[in-house]
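Consider the single chain below, provided in structure tokens and representing the form predicted on its own.
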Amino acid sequence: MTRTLSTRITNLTPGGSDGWEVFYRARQMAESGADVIELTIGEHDIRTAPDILAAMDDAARAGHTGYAAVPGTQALRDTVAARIAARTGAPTTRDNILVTPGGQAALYAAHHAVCDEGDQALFIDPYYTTYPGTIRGVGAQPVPVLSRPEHAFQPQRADIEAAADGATSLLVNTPNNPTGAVYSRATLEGIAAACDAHDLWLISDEVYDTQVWDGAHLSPRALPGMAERTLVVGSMSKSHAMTGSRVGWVCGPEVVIDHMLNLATHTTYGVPGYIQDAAVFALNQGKDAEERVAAPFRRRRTIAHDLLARQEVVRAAPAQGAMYVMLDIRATGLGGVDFANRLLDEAGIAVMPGDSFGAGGAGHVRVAMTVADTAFEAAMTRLLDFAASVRP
């Protein structure tokens, strides 16, 4: 007898092309020796700082290699809580913090905490690629809420409310991947009002909170009345170039964190102690260390804007934060997938079609600013030359 797999796991990412074939093809070409500049995924072109690695090594050699406390070490929970309290003004203690194996595990745990089987869970489109699958993974139904380029990809309260009847939660991401939008206070107040009116849990993915080029990051947890209905996802990955260390957190009401601790006991069983010690060390280096990690993306955003200003074919969404530029290529007459495939074949530049991130990304491509400045400038120049050459 042949046993079948669960529908939940086989339907995490259902149906058809999602545009990631461009990424896989670019990797294959590069591995075969082709000259390809990859501007696809959000991986730093620098690695974790040597002093953070030294702190990790010291902690491991000192013996912090056994089981660590499942909710996280007291030192890391206290450090994260103090960081959040300082940045939001909202009272925060270790009892509001659960340490997780990266931001992805935090997203999964947060949805498990607030969604029952069959619940509708809203998320903003364009979106980070794992969002719908994460929601399906907890047995809920993902429901996209479109944000539009004519609104600079700022979600509108009316659009959220139009989808909110019967929903349980809303997932937002600011600074945003893929669009680079940093949600304004007005946008976040609209989101908060919609959550209050429809009794939605708000899950706020803030892993790019140290990469803000225009304006300021505002956590919705800081808004009046929102701390009790908001779960904030954070991570060391983007702020400290610790992507492979897999250390993140959820910040939320104490009663929710208590139940999420029980979930962690039955799933991940915590994060290695020596990695948590390194995270404490990294966070205690302060904003200067975070700015050193963010600085290359700030420079490259300026490079991109300068090049874009010299031509009239490609337009950029306001790249206010994060390590990406979202480019509107509709004037070329090509869709995002066709543009990305031809750009790879004809110019050796790999970018992600906007369609990879949902319907709201159609007619766009996402450029990750994740190669050295000179290579990035050369790649952007070739991209813009290609766009001009195919424009009708």
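The shown structure was predicted, so the numbers you read here are calculated from the model rather than taken from an experiment. Residue numbers here begin at 1 and follow the sequence given.
The same protein also has a form predicted together with a small molecule, omitted here; what follows describes it.
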Distance check, residue 104 to the small molecule in the predicted bound form, heavy atom within 4.5 Å
yes
Does any heavy atom of residue 154 come within 4.5 Å of a heavy atom of the small molecule in the predicted bound form?
no
Taking 4.5 angstroms as the cut-off for heavy atoms, does residue 235 touch the small molecule in the predicted bound form?
yes
Quick one: is residue 246 in contact with the small molecule in the predicted bound form, heavy atoms, 4.5 Å cut-off?
yes
Specify the contacting stretch among 220-228, 172-180, 297-305, 154-162, defined as having any heavy atom within 4.5 Å of the small molecule in the predicted bound form.
172-180
Give me the residue from 201, 108, 274, 131 that has a heavy atom within 4.5 Å of the small molecule in the predicted bound form.
131
Contact assignment for the small molecule in the predicted bound form, among 207, 257, 167, 289, heavy atom within 4.5 Å
207
